[in-house]
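Coming up is one lone chain in structure tokens, specifically the form predicted alone.
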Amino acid sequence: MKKLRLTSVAAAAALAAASLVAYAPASNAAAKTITIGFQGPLTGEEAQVGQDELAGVLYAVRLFNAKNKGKYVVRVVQADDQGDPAQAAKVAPGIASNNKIIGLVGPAYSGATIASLPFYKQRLLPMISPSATRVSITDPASPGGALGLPVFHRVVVTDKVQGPSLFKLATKGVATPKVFIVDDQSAYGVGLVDYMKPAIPAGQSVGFDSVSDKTTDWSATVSKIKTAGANVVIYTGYFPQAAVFFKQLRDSGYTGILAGGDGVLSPSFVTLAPASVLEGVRLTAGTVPLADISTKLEADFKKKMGKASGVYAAESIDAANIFLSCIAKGVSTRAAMLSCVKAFKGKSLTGAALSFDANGDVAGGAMNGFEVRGGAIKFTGPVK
């Protein structure tokens, strides 16, 4: 399909209209209605990530509305960016121009965040992402300064932490690591590698490759890996491509360690390739599964949402709860919300202190490890 050229914010907003879906609870005439937004991949290959995060937001809103019945009714407008920067640039204007929306949870992905930011900055829409990890969004030292100032915030640690942690986890227990690293040419994948490189010990890297996320035939990369004699392969793209890549790598006879970042951490990942291919895959992410935080909380989530929680559910709840805490204080405008978010001090679902620094990054936070075992992704704890 031919790409459409956006000629104005108004034209882009028209393109976005079909992608916006509103969630609203039963009306309550006596209550004040407040609207927040969610943006992430709700359809397409990456839909599982967005649906998991959206469920977290809706769960937090459901609890808030029940607690504040008769006083507030919070509704959620959903924007489907498919995890694609081009699509994000189409849906973001519609969210930005909807003045009823006073805060946005998302976007989920770094590339989509970067594409959306010009519209949200123009309209000063406060943002809190559960999972966008690219450093340049909040780094004043990046070319052009921090892209997200003053509206962007995130409750997850950045690739500055994830890059070294991923390398550390991937090589754990390997006597003589020979690591080959592959990115998917996305803002996320390239950025993760950039922050991994300075932490690589001398002699442990045997090659790099950068491959489009549209790749279906991985034979060229597989050949480079085997020629390099790698015993550890790290992929910094997303789970649909990772499953295909890892299968072709195993089919070629590769028997070493496979690892990836949080872009691979999706329940759908383990359904996209045989269990024998994915067994033992090591993953990192700044998330903690809801069930590992509290079995009682997970049970309540299942009861209210009709399904188990997914990846970044806890962080999505945290992000939504920050907005909701401000609404409970009487905040009803974007300007007041932005001030409230910047001053926020509270606790995450894990019990850790939660606040933002001057650039919008979460203060503190940890990178966690996961491993595919028996066809499921298991939490293994903080990467040390």
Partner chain sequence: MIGNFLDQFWSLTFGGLSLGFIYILIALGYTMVYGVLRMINFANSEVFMIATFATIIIVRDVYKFTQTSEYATGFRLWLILGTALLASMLVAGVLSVLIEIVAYRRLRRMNSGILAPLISAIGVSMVLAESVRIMSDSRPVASPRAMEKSFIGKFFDADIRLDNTIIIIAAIILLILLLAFVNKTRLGKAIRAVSMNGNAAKLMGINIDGVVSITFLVGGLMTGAAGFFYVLKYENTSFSIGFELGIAAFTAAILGGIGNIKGAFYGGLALGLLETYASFFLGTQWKAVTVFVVLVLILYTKPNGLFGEAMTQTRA
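Nothing here was measured: the structure is a model prediction, and the numbers come from that model. Residue numbers count along the first chain shown, from 1.
Omitted from view is the form predicted together with the partner chain, to which the following refers.
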The listed residue (P143, G253, G173, G306) that reaches within 4.5 Å of the partner chain in the predicted bound form by any heavy atom is G253
Contact with the partner chain in the predicted bound form, heavy atom within 4.5 Å, among A273, A89, I293, L147 goes to A273
How about D300 - does it come within 4.5 Å of the partner chain in the predicted bound form, if we only consider non-hydrogen atoms? no
(Q) Is it the case that K247, even though its partner is missing from this view, gets within 4.5 Å of the partner chain in the predicted bound form, heavy atoms only? (A) yes
Answer yes if any heavy atom of T215 is within 4.5 Å of a heavy atom of the partner chain in the predicted bound form; otherwise answer no.
-> yes
Indicate whether the partner chain has at least one heavy atom within 4.5 Å of a heavy atom of A220 in the predicted bound form. yes
Given 238-246, 131-139, 94-102, 191-199, the stretch touching the partner chain in the predicted bound form at heavy atoms within 4.5 Å is 238-246
Worksheet item: Do all of K69, D318 and C326 end up near the partner chain in the predicted bound form, with near meaning a heavy atom within 4.5 Å?
Response: no
